[in-house]
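Shown here is one chain on its own, the form predicted on its own, set out as structure tokens.
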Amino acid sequence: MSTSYWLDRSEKNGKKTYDVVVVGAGISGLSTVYWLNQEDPSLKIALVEKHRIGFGASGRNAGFITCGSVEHFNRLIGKHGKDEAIEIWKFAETNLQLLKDHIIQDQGDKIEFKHRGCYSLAAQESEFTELKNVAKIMTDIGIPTETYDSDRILKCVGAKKFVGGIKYMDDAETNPVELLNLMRTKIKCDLYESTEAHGFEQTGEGTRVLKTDNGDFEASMLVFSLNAYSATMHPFFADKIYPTRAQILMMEPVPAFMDGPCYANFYLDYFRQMPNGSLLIGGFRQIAKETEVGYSDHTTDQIQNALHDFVVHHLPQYKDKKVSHRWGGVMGFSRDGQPMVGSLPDDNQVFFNGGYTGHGIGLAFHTAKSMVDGIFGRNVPRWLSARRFS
């Protein structure tokens, strides 16, 4: 983050005083404000955002509200053990339930929310064998999952040349920006958009001062909800949360034929038919891992062409349709694939949440609640706490 001398408004706008200053107005920052409001409605909170609400990954993602993790459940077990893998999956399920109870309520149509499950498709028998094993493991422990052969996949989602797949019954989807706009109506804070933070310092009185191009913000507590951009505010995050680009392509609408969103290729690629019939498809980062990193959100011909080729190969309903949008977004990938919360090791009044590894809509609301739990002395799951990296 940087501030031009010519654009610096700090001297003119002076210092503002709050109880808490939250930096980043994506789903993580808005969720943080919501749970702080619930904990103590009297807190005076500022929400500081470089651009506008949802300008980062929160407004550039595919709108999947995915349960679980970035990996198939069997691999999650291999990495964390069965008990912790179940806990991680249930954490995401609770995230969705919390969103429904506290934010969405009866406003689902307004934000294009649908709770109809999500498919994971296999183009090869080897992946389908693994997916069937995943479905069995999940069914045995009570997580609702169904297995589909190629004919049922074709019938349900219109996708060709897949040998089969499974359906996670509890996944959902939404318009992510409309979700954020709805969240904004349910929180109490002073929102400062177009305000770029570029550092912070302690004062002799025990407060923290956030330095921005829109003046200083003094508070007893700072919260960084910056996800991919966390390391731009403090070096602690440099080896824990990595900026990783994702690209999306959208094609002009056709009549509805798909009854749920889909993942393919071990979660790496994903697509869904929008309420207006448009197709949204993203992924293929794996073909250019070395370049799909950093803070630029530009698109590349290599990945955009791969996305279009996928459509022609698997979703010929769109093969003659024009591309209406292309965009990129910068996600925060954590070192171990799980989000993290805590306070800075050298400053216990500066808290953070982030590292959603491409699943922020499915994890951030509950993650922010867990961070606020930690602030107020309640337990935080071991796998979520940043202390796991110590």
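Numbering starts at 1 and follows the sequence shown. Predicted model, so just to flag it, every value in this text is computed and none were measured.
The same protein has a further form, the form predicted in complex with a small molecule, not shown here; the description that follows concerns it.
- With the small molecule omitted here, the record of contacts in the model of the complex names 189 to 197 of 189 to 197, 122 to 130, 311 to 319, 79 to 87, defined by a heavy atom within 4.5 Å.
- The closest non-hydrogen atom of Phe64 lies within 4.5 Å of the small molecule in the model of the complex.
- In the model of the complex, Pro339 stays away from the small molecule, with no heavy atom inside 4.5 Å.
- Though the partner is left out of this view, Ile45 does not reach within 4.5 Å of the small molecule in the model of the complex, counting heavy atoms only.
- For Met371, no non-hydrogen atom is located within 4.5 Å of the small molecule in the model of the complex, even though that partner is not displayed.
- Contact with the small molecule in the model of the complex, defined as a heavy atom within 4.5 Å, holds for exactly one of Phe284, Tyr229, Phe113, Phe91, namely Tyr229.
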